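Read the single chain below, which is given as structure tokens and is the form predicted alone.
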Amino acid sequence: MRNQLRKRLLITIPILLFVTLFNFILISLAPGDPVDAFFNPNATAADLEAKRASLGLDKPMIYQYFVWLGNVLHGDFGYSYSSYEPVTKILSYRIGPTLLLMGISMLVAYIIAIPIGIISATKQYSALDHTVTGLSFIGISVPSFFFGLFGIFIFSLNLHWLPTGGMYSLGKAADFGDRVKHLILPVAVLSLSISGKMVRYVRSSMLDVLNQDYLRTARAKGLKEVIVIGRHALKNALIPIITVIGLDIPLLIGGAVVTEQIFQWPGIGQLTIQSINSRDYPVLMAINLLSALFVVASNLLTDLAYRIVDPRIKE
């Protein structure tokens, strides 16, 4: 077990290096550079070149990458080109709201989707199954920004039940009730898209095992259907479900870029858009590295979950 974990950790090192290099090249090749964001009508070409030199942007791309990598290995992610704040400080402000929003959204989505997917599989081709299938396809296919704007239009602008965005009301104490009101719409939008996909996977995975011989034997022994489904069928259907959950875990840090932008949620997703618009390279690279680390961590957790669910899995 430890040897396998050690091997996987060693494999992640070249993967992370490749990901950071690839992202650095893509960001550097994007049109313009951070100096363009410091628009000053009185700035001369010499001023712009001096600014570019002060940021190290006049050096070759590969040199800039290794300078950045060396600083990161010493725990220094640099300073934001826009606010001149340390990147680690900026991320510390933003990661909490994103983890809160995405964590609650995923929890709500799984609590709703997994039981519904199981019921849909056990009632295959029934009216309930067709209804669930149709609603799940809507959740998957309709863009989240449409649901977000629709929710704001109905519940915020017309009914005035919920705020249009933000994490708390300006000029008021950020109490628990106020925070819940601001969470309802973005959590509903994100949960809808996540649960739509999860229902389809749970239903498909359950259908693969419901007609297996060992379940017929369990029913023949007189076991109740609840026990047959919950104790025997679900356990053997968990592998594909765990895979989907493992793929969703990186969303905890990557955030929902579109949803956070629509609801002005001060998380990593909104920070990503702001950093792209201002060409804030250090912040973008830190977000990419953090997202890559979460992907690696989620893969390791998924492998461990496989072993717990099915002890026959050794590799």
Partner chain sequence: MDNSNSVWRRFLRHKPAMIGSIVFALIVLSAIFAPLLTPYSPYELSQSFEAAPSSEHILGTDLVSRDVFTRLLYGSRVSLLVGVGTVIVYVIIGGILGTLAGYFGGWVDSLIMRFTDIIMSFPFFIVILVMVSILGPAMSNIIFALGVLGWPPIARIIRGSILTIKNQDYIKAGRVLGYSDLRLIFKHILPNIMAPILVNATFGVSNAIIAESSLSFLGMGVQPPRSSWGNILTDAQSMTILAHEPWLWVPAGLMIVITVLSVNFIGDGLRDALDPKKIQ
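Residue numbers count along the first chain shown, from 1. In this text, all values refer to a predicted model and were calculated from it rather than measured experimentally.
Below, we refer to the form predicted in complex with its partner chain, which is not included among the displayed structures.
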Candidate from L29, A46, A53, M61 lying within 4.5 Å of its partner chain in the model of the complex - any heavy atom: L29
- prompt: If you check in the model of the complex, is N299 within 4.5 Å of its partner chain, heavy atoms only?
  reply: yes
query: Hey, in the model of the complex, is P143 touching its partner chain, heavy atoms inside 4.5 Å?
result: yes
message: in the model of the complex, is there a heavy atom of its partner chain that lies within 4.5 Å of any heavy atom of T88, even though the partner is absent here?
response: no
- request: Please check if F155 has a heavy atom lying within 4.5 Å of any heavy atom of its partner chain in the model of the complex.
  value: no
- request: Could you tell me which stretch in 88-96, 102-110, 178-186, 133-141 has residues with non-hydrogen atoms within 4.5 Å of its partner chain in the model of the complex?
  value: 133-141
message: Residues I253, I262 and S291 are flagged as a possible site; in the model of the complex, is every one of them within 4.5 Å of its partner chain by some non-hydrogen atom?
response: yes
